[in-house]
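In the block that follows, a single chain appears as structure tokens, in the form predicted alone.
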């Protein structure tokens, strides 16, 4: 209970630094026997963040499509040591090991990011990044893009529905459909541009200026201890990898 409480109160800047350190150490791993270790570390943060398995799996859905597309053919074409052969299908040991290394390391990093940073409020993350040196204009842009992304999605859905009600039916590989979709996306871009100008002017008129945000002060001792613990874990992982590589 105390660990959960300490994690939820952990300074956002320390969280970001700890995530970078641990993700770097995860990416450094090339020994297969260390993969369960980094996965265990990542799942430990899932437990601390009290992120439910259902939410975690939902967040891993789209990244999984990317990593599966990257490694799915690797066991069949990478390497020279035949591990399994059936007809024209041959599985190579080096390719299978490479696919497991890439996929599990990717999942360990993504799980860590979702547990440590993904459970933070968006505005807190952007403010912490701004206090760590991210230019104010970039922090403004990131906040606005993420905040109004769902508005753009709603506009796209509404305009697509209106087109279908007027008799438009999308046909794949049709030049006419591509042209219509291009008009739709162009209209969305223009509407988004006009809306962004109105919103930004309204924010400026109300006195918004991210450069004038109050300083967050130095992290507390508890936050630095947790960051130090993350640094020690990262160092141990890198040390084990160096020992395994000898």
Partner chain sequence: MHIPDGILPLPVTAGALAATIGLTAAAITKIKRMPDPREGIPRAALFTAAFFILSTIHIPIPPTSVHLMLSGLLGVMLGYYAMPAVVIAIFLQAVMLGHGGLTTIGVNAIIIGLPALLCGWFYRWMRPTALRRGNRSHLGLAFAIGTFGSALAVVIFVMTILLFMPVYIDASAERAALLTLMLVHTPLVLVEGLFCAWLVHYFQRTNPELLCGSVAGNSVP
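All figures in this text were calculated on a predicted structure; none of them were measured in a lab. Heads up, when I say rigid core I mean the largest set of C-alphas that superpose within 1.5 Å between the two forms. Numbering follows the first chain given and starts at 1.
The protein also exists as the form predicted together with its partner chain; that form is not presented, and the subsequent description refers to it.
K.L.:
Just to confirm, with a 4.5 Å cut-off on non-hydrogen atoms, which of 57, 204, 40, 31 contacts its partner chain in the model of the complex?
P.N.:
Looking at the other structure, the residue within range turns out to be 204.
K.L.:
If you check 162, 102, 124, 82 against its partner chain in the model of the complex, which one has a heavy atom within 4.5 Å?
P.N.:
Residue within 4.5 Å of the partner: 102.
K.L.:
Given that its partner chain is not shown alongside this chain, does residue 86 nevertheless sit within 4.5 Å of it in the model of the complex, heavy atom to heavy atom?
P.N.:
Close contact is absent here: in the model of the complex, residue 86 is far from its partner chain, nothing within 4.5 Å, heavy atoms only.
K.L.:
Might residue 128 be said to contact its partner chain in the model of the complex, defining contact as any heavy atom within 4.5 Å?
P.N.:
Output for residue 128 is no: heavy atoms all beyond 4.5 Å of its partner chain.
K.L.:
Find out whether any non-hydrogen atom of residue 186 is located within 4.5 angstroms of its partner chain in the model of the complex, and reply yes or no.
P.N.:
Judged by the heavy-atom cut-off of 4.5 Å, residue 186 is in contact with its partner chain in the model of the complex.
K.L.:
With the partner left out of view, is residue 91 within 4.5 angstroms of its partner chain in the model of the complex by any non-hydrogen atom?
P.N.:
Output for residue 91 is no: heavy atoms all beyond 4.5 Å of its partner chain.
K.L.:
Output the sequence-ordered list of residues from 52-70 with at least one heavy atom within 4.5 Å of its partner chain in the model of the complex.
P.N.:
The stretch 52-70, when checked against its partner chain in the model of the complex, contributes 59, 63, 66, 67, 70 at the 4.5 Å heavy-atom cut-off.
K.L.:
Core superposed first: is there a CA shift of 2 Å or greater at residue 156 between the shown form and the other one?
P.N.:
Indeed, residue 156 is displaced by 2 Å or more.
K.L.:
Take the rigid core as the frame of reference and indicate whether the C-alpha of residue 184 shifts by 2 Å or more between the shown form and the other one.
P.N.:
True for residue 184: a C-alpha shift of 2 Å or more.
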